[in-house]
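As structure tokens, the next two blocks hold two forms of the same chain, structure 1 and structure 2.
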Structure 1
Amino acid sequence: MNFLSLHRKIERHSGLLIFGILVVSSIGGLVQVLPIVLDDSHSAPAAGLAVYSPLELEGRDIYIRESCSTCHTQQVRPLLAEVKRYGPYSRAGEFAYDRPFLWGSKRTGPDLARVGGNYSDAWHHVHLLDPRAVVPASIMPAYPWLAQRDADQGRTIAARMRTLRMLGHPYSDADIAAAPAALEGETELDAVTAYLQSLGRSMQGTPQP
């Protein structure tokens, strides 16, 4: 049986055709995925990368709850215009402790991957409570309730840190035990601000390519 007759047989038999499509698609998928899965450098934490503190972790969860990633990305693409505007492009190792990833794809607002340290805590507080007070042309909604709610109202921070430790985050028993006390007296506004100030800290001092 030559190749042409085999090809005709496959085309006329829907079962064989579907099987062939699945085989070829699987091979293509494995060729793309396996190198990334088997290369530890893609999951190894970047030099200087630290796990989120309890307050930063709480702020990250609030950031997700308020759907901030809908309008803000957290990835600087390796393009000259992006590097000039935001700083060094993003590397895989920066996100070793991010679960879930918040890379995003839509920029209604600016990218936040390098926002940490660019503004004071007071600026972030005002911006979150009344964005147009500091950026008159902003279309970002205000989040006044963040200043009215205590951080970790559900008292779940320790449980969340234990779960993340199971996934490879290097939290110690002492870190987890001290977490609830670290959030006492803090508001959700403080937590989100702490999270924003942590973004990009592992890349601070990295020269632009």
Structure 2
Amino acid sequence: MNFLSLHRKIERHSGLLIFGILVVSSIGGLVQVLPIVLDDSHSAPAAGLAVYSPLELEGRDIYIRESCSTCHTQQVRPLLAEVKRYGPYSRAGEFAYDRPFLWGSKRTGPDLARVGGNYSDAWHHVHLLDPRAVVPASIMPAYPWLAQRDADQGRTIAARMRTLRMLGHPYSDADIAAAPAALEGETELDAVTAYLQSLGRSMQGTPQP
């Protein structure tokens, strides 16, 4: 049977066409994506990687809410200039607790994978509320509402941590029970700052291979 007559069959039978498309389009995913998803070594936490604290987790969820990853990457490529500019290149193990990953695809502002500890909390507070007060040429939006809103306004931190625990994040019952109190009195600004300060900390002091 040559290929044209085989195709004559397919194009005359809608079920066969659907089946054909399904099979042919699945192969790539099965060979290339599935092995990565099934191989746990890609999601094994790096030595020294701590799970996000309640305040950091709240900050991370706000970072997602405001789509910060539209402009800030969290991925240092193994290129000389990038390592010089940002620090050690990124390793898969650093992102084990990132759901979803926030590597981004566009670097309108600088990379943040290793920003933790580079600036003081006070600097972050000023910068988030009025970026041009500290970086005159900045085109980052100001986020004045972060200072006006209490962290975890919806009182959902425990529910979120329980969900993450189901996905394998090592939160204990005591961690979850203590979480709402830990966020008491904190603003969203404190939460985002705590998250930014946590970025890249696990690799500090690790020698470059």
Partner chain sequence: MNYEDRIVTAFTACSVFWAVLGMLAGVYVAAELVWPTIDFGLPGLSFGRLRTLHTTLVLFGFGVSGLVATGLYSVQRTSHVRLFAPGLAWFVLYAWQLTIVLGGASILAGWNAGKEYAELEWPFDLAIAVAWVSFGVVFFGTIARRKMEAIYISNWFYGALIIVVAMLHIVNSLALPATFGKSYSLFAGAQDAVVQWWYGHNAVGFLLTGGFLGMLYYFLPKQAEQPIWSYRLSIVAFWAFVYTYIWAGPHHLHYHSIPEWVQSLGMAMSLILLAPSWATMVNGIMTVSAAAKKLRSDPALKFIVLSLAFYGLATFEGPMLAIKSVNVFSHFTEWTIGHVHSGALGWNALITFGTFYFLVPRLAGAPLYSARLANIHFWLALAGVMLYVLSMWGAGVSQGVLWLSLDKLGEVRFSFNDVMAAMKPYYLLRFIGGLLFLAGAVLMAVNLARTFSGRRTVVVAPPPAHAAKGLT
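Every value quoted in this text rests on a predicted model; they were computed, and no experiment measured them. The first residue in the sequence of structure 1 is number 1, and each one after it adds one. Each form is matched to the other, and the largest set of C-alpha atoms that superpose within 1.5 Å is called the rigid core.
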Identity of the form predicted in complex with the partner chain among structures 1 and 2: 2
Taking 2 Å as the cut-off, check whether the CA of residue 185 shifts that much or more between structure 1 and structure 2 after a rigid core fit. no
C-alpha positional change at residue 22 between structure 1 and structure 2 - rigid core reference, Å: 7.2
